[in-house]
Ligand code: ACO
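A single chain comes next, written as structure tokens; it is the form predicted alone.
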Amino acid sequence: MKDTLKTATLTLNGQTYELPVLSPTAGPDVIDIRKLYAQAGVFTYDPGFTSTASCDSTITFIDGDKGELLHRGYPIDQLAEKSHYLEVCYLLLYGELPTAAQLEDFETRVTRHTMVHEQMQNFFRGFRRDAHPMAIIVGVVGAMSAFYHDSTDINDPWQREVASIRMIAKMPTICAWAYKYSIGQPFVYPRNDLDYASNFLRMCFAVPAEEYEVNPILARAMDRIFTLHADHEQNASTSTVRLASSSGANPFACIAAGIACLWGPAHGGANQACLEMLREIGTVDRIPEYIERAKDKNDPFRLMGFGHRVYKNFDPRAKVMKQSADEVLELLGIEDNPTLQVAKELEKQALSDPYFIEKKLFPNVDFYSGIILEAMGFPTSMFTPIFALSRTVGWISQWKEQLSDPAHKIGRPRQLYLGETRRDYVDIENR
């Protein structure tokens, strides 16, 4: 934060209070209300925390009006085009782009930690065969603290580092195995000669009966999906990880909490909801009908994949995702896929409709990511697990940053109480 002498004046019941105003390196100024309750005896009210900065951070910055997403200052479109996921992981974790030697060392450390403890297979096999992969992943990640005791001491910097590498390395294996279990196929072990995205695709789609060759275009598209979802500032799941961490919980418990939050359809399930909406529309000729329904406030139908809680302009991630969608669908020869045709025409009509232009309802990252994942062969039940895999590095980076902040304390939101005031207990015979 920049040094500032600016203040905001609050007048309450004839009393005047001077509140410090903090100036960030980017974004709006922030009124510091940390001493407001002690000075004035009042709280602030902000459901959803949409106007409240819960922490200071140097990791990710979003300018929703400009449609800008920066990781450590680097634009997401540059990272998606010129970098790759593990390099972005290094950037998020350590603050700078790595040298060639640093990147090689980091990639080697991640690659050498991709296997999970053999006894963890028992956790997978303890679930019903029709269990949702997210339910399995939440349970298995939480159980990691029962297997990796040497990396649960949050006060030891080295253990924090080991836990970070383990989580990034093992999440593809855990997600792939959750998928394999859900379809009744044998687990496929990771291979150290493959890159991160290729390894994940092989663990998902290979079978012991035959060789599986990963197509580099699909691997690149998968890597981009990972990169575009790596971190997104203080969203619901990241805030959940930080809140769990504030109590001193071990890293695996914190990440499991974030995964559980991500499971919500309003958060990590948006790309699945978008794909289901496109299937509901079905054919291009029905698009005008659904656009009119979306405009009708009395109709419960909503256009999924358009607009964003933060972005009031085009989602910068959507541009890259659209390019990947074109490449993948051309490779697989399914450009005439009915769902894709609906998606393309829906985007075209919505972007030319004054209603959507006025409300700035532009396609977001979920609009095309679901189409890509389906084209690759993933069922909708795997969309959110892949999101969780991608976001793990963001959660860990935020977790590490919080623990290194000497000013951090346990989270304790306040409330606006609207219930009964004190009343005395009445014996049951007198009620």
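Note that residue numbering follows the sequence shown and begins at 1. Between two forms, the rigid core is defined as the largest C-alpha subset superposing within 1.5 Å. Every value quoted in this text rests on a predicted model; they were computed, and no experiment measured them.
The following text describes the form predicted together with acetyl coenzyme *A (ACO), which does not appear among the structures shown.
Exactly one listed residue, out of Ala270, Leu93, Ala244, Ala143, brings a non-hydrogen atom to within 4.5 Å of acetyl coenzyme *A (ACO) in the predicted bound form: Ala270. The partner is absent here, but in the predicted bound form a heavy atom of Gly307, alone among Pro216, Pro186, Gly282, Gly307, sits within 4.5 Å of acetyl coenzyme *A (ACO). Contact annotation: Ala100 falls outside 4.5 Å of acetyl coenzyme *A (ACO) in the predicted bound form, judged by heavy atom distances. In the predicted bound form, acetyl coenzyme *A (ACO) sits beyond 4.5 Å of every heavy atom of Phe123.
Using a 4.5 angstroms limit between non-hydrogen atoms, Phe356 touches acetyl coenzyme *A (ACO) in the predicted bound form. Although the partner is absent here, Val207 sits far enough away that none of its heavy atoms falls within 4.5 Å of acetyl coenzyme *A (ACO) in the predicted bound form. Proximity to acetyl coenzyme *A (ACO) in the predicted bound form, taken as heavy atoms within 4.5 Å, picks out 365-373 from the listed stretches 51-59, 31-39, 365-373, 398-406. Core-superposed comparison between this form and the one not shown: the CA of Tyr290 exceeds or equals a 2 Å shift. Taking 2 Å as the criterion, Phe301 counts as shifted between this form and the one not shown: its C-alpha moves by at least this amount when the rigid core is aligned. Core-superposed comparison between this form and the one not shown: CA of His267 displaced by less than 2 Å.
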